[in-house]
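Take a look at this one chain, the form predicted on its own, written out in structure tokens.
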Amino acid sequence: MLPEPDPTLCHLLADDLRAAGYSSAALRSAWGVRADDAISRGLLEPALRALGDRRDPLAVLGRLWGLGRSVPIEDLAPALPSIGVAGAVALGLAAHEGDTVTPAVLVRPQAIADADGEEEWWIASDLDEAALGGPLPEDHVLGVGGASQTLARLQVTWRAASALDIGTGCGIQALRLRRLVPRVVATDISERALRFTRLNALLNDVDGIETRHGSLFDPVAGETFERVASNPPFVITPRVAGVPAYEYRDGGLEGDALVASVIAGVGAHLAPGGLAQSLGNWEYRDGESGLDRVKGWVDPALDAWVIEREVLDPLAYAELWVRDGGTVPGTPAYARLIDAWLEDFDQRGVTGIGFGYVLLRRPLAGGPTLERYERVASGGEAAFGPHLAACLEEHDRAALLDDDGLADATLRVSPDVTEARHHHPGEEAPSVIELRQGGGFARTIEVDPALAALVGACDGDLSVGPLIGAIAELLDVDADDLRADLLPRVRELIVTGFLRFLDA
């Protein structure tokens, strides 16, 4: 068990890491961009070769806690002048035997950027597969993985009074939430994970994070929060002997029941206006859509926006997560685990597994106004949090307007939107007109000439109603019929970020 972190030792270690220039940019410069990319793929040798025989503090700490390799004590001692090797051992970060110091954990720099600017943290977590040279132990505490980064990029950047991080792991979401709220409660079923969270908060001098041990919402019974984030252990794992149940990714329930529990239970812990965001997997069973199943889990009193990014077939899903645990393809263990996954899926009639993002919100007053369950396969997520926040704000404004109010509104095209027209050779009129979004999910939607004309005319000068009237006259169609056709689609363009209110 990782020892309870000592605040004084954590602060001394931070002094040493800072003095060594132990940052993500410095390490990337030391071993190169290609080696840095190789590390993310579990390949350490390019970085080790690039460091060569360097014995400066940055290189020594990079080998020990960046790559998970042993170092001579005579090299490490000068790199830790404040905490000393004994202090690092006392924190449970390393082991010392003879002339060699062996890493017990990884401590990697993590650069972030949000509305408040750029920040660099040091994040401690368990040794990964590359450092261990084999499969992970079941109580493994993951560092900042791909799912963690995805959820972080999705986070709406609204400030609030309190936040809850369910299944905090190493604490990365709690740290990010703390930049937006003064008080964060971080829960996990793993006491080891909670100690990593406390260690990382101390190491980065972040207060206001309270850790609580327990499953899902048990540690916060009866409490409500304005923000909730969860990267839950959503991986669907067979409940049979011989299949590792990794705490960081496996919730201990059959199929997608863990994700269902998070989605169904979060409403009771959302204050009015409170927002919850999470990741999840859901099963497609015997022809039943995974998104339809998710819809059945959601409290009907909540606003809901669920986005499915991809659907994997059972074999591809099994291969992904068996390999993630460190079991190598081509071995008997790999084949046995794959078969266990496939048999488990067969028993429930699973034909596919969806992955996506869930946003739920308790309205400040009245009933819900947002119900979106959609598949969006393209586009990046680099700045999706601010984009999503803007879409919600614009939706809320539009939801307050009836059709007459929307017709009186003045809109403008979002600056990242472009138009593409496709013509058959020799034809003047386009056969296809597309609106393309450069930000957010980079949506591409096909529109007809009337809607294209309306969007093109939304430059902030005239309100929607007069624009529709002018377009109806131009196309020689009935203005009332055109208005009835276009206004619902204008609402859709507002919530997806193609159009904005003039003063937004």
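Residue indices: 1-based, along the sequence shown. Keep in mind the model is a prediction, meaning the values are calculated, not measured.
Beyond the structure shown, there is the form predicted in complex with a small molecule, which is absent from this document and is the topic of what follows.
Comparing 241-249, 398-406, 327-335, 429-437 against the small molecule in the model of the complex, the single stretch with non-hydrogen atoms within 4.5 angstroms of it is 241-249.
Although the partner is absent from this view, Gly290 stays clear of the small molecule in the model of the complex, with no non-hydrogen atom inside 4.5 angstroms. With a 4.5 Å cutoff on heavy atoms, Ala124 does not count as touching the small molecule in the model of the complex; it lies far away.
Among residues of the shown chain, Ser278 is not one whose heavy atoms approach the small molecule to within 4.5 Å in the model of the complex. Although the partner is absent here, Ala264 sits far enough away that none of its heavy atoms falls within 4.5 Å of the small molecule in the model of the complex. No residue of the trio Leu44, Leu64 and Gly68 has any heavy atom within 4.5 Å of the small molecule in the model of the complex. Here is the short version: of Gly354, Gly255, Pro232, Pro314, the single residue with a heavy atom within 4.5 Å of the small molecule in the model of the complex is Pro232. When the small molecule is considered in the model of the complex, only one residue from Thr102, Ser162, Ser82, Ser215 comes within 4.5 Å through any heavy atom, namely Ser215.
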